[in-house]
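As structure tokens, one chain now follows by itself in the form predicted alone.
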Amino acid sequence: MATSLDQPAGRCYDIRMMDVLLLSRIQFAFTVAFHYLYPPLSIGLGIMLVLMEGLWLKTNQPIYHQMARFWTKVFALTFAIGVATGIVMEFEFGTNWATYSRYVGDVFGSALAAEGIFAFFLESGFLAVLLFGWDKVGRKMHFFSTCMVSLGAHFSAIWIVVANSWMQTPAGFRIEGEGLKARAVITDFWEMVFNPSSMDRLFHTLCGAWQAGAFLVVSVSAWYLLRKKHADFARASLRVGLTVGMAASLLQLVSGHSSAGGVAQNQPAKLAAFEGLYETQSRAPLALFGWVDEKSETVRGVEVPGLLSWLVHGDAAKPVKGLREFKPEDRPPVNRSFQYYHLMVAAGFGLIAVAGLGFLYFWRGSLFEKRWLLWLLVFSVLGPQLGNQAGWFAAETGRQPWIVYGLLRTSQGLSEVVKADMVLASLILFGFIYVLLFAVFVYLLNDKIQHGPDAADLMPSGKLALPMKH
């Protein structure tokens, strides 16, 4: 592996620099975490719209047309807020993290450019037809537009995950220059795209997005059933939402296991932090929950002996590398990584349990009478958000102290001219604006939910009412 960037000459990492580093990391984490509320919903709702409109085309049942039109309005809201909050992060690369941008601009910039070409233009090109073309184009053309918008949302996830995965497991590049003039240059574009972690992380991310969209549909549908409103619409939406939610949750379990195996191979310090494992050992235990005392290097909690070795290697007798194999300055924050990771896992298994209960009672024909379960389904919308946020925090915290794993430390990626008071002021302003944006989002989403589906959508008009040609 290429050597990491040397510490810039003349830069003094005193307490003031640490303030800038801490504030810049908090600012980026805050803006990304807030932004990440919306893209998973857009991606997941995009899949839901394709299924609902596809069911309408196949069955010609008006209820599916009503579903597709209602959830299109919710999709438009989440898409708009997601675009508005995502732009900020790209500016932060040039303000707070200019050294990082200069060092990896050739690599990172290519992925962002690909997102703009293959994702944003595709989404925006067909979005107007999706939103406003219901009575102006034919059924098949509108369905094609829905598919293209959903595909564009998925392309966006692909290129962002590729860029972030390269930071986790860099490949397909070489380092040119030395010291402040050093930079990473792509030598093999496709090796960069298919770096060791990109496909596992992409599948894992998409499963989380599908869960987010599905459980939003489930939540709103259960709410309508509890309030005895829009009963036919709610039952039909709940069936589709539960089906997608259950499938995505089970796939998430598979993708999570595959992703963890990749972490064990490519980022062993991160896996050791996830499990609070300090000593390299065979029959390594899997921690179910607990607390890591980083001073004494011990875990207080419940562990299953040998399970981690078995999950990683398929053989409990094989060893798993512990944190003591790494220098203290190369270890991630252990307890925080441990807690974020286990919160993500708990959210994932919780969603499987909720979707499983929903399917069980639906199969028995008593789901719609179980008020306790309907309330559980209402709050299930929080599960994917909790899992997605915790998973992202685990991945990024577990990569520390590297901003590009093994190449560039986070402290080395800072801009040289940005001061702590600048970052603090912008962080406060961002916080104020994002609180307002979130309030607007909640208000508009609640307004759409309270209004509910339009009864007129059960009687499609215009070109969409024309019979399908066979």
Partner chain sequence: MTFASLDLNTVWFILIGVLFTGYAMLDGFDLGVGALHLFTDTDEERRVMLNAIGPVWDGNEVWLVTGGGALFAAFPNVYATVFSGFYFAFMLLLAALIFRAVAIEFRSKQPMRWWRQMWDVGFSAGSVLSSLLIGVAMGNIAWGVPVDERGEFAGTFWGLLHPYALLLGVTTVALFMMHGAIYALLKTAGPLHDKLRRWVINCMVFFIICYAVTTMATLLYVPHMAERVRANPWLFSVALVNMLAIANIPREIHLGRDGRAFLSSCLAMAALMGLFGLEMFPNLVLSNPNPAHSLTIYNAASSAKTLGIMLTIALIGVPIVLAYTVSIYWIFRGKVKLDRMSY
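Residue numbers count along the first chain shown, from 1. Computed from a predicted structure; not experimentally measured.
Not pictured, yet referred to below: the form predicted in complex with the partner chain.
Peer 1: Mark G301 yes when one of its heavy atoms lies within 4.5 Å of a heavy atom of the partner chain in the predicted bound form, and no otherwise.
Peer 2: Although the partner chain is absent here, G301 would stay clear of it in the predicted bound form, with no heavy atoms inside 4.5 Å.
Peer 1: Going by a heavy atom distance of 4.5 Å, is N96 a contact of the partner chain in the predicted bound form?
Peer 2: N96: contacts the partner chain in the predicted bound form.
Peer 1: Is F126 one of the residues lying within 4.5 Å of the partner chain in the predicted bound form, judged by heavy atom distances?
Peer 2: Close contact exists here: in the predicted bound form, F126 approaches the partner chain to within 4.5 Å, heavy atoms only.
Peer 1: Even though the partner isn't displayed, in the predicted bound form is L251 close enough to the partner chain, meaning a heavy atom within 4.5 Å?
Peer 2: Close contact is absent here: in the predicted bound form, L251 is far from the partner chain, nothing within 4.5 Å, heavy atoms only.
Peer 1: Picking from 357-365, 104-112, 314-322, 196-204, which part of the chain touches the partner chain in the predicted bound form when contact means heavy atoms within 4.5 Å?
Peer 2: Only one stretch passes the 4.5 Å heavy-atom test: 104-112.
Peer 1: Which one of A353, L226, L131, L288 is close to the partner chain in the predicted bound form, taking close to mean a heavy atom within 4.5 Å?
Peer 2: The residue from A353, L226, L131, L288 that makes the contact is L131.
Peer 1: Which residue, S282, T187, Q265, S258, is the contact with the partner chain in the predicted bound form, using a 4.5 Å heavy atom cutoff?
Peer 2: None of the others qualify; the residue that does is T187.
Peer 1: Check for me: heavy atom within 4.5 Å of the partner chain in the predicted bound form, for each of L55, A157 and A390, yes or no.
Peer 2: No, because L55, A157 and A390 lack any heavy atom that approaches the partner chain to within 4.5 Å in the predicted bound form.
Peer 1: May I ask you to list the residues of 415-452 that have any heavy atom within 4.5 angstroms of the partner chain in the predicted bound form, in sequence order?
Peer 2: Residues within 4.5 Å: S415, E416, V417, V418, M422, V423, A425, S426, L429, F430, I433, Y434, L436, L437, V440, Y443, L444, D447, K448.
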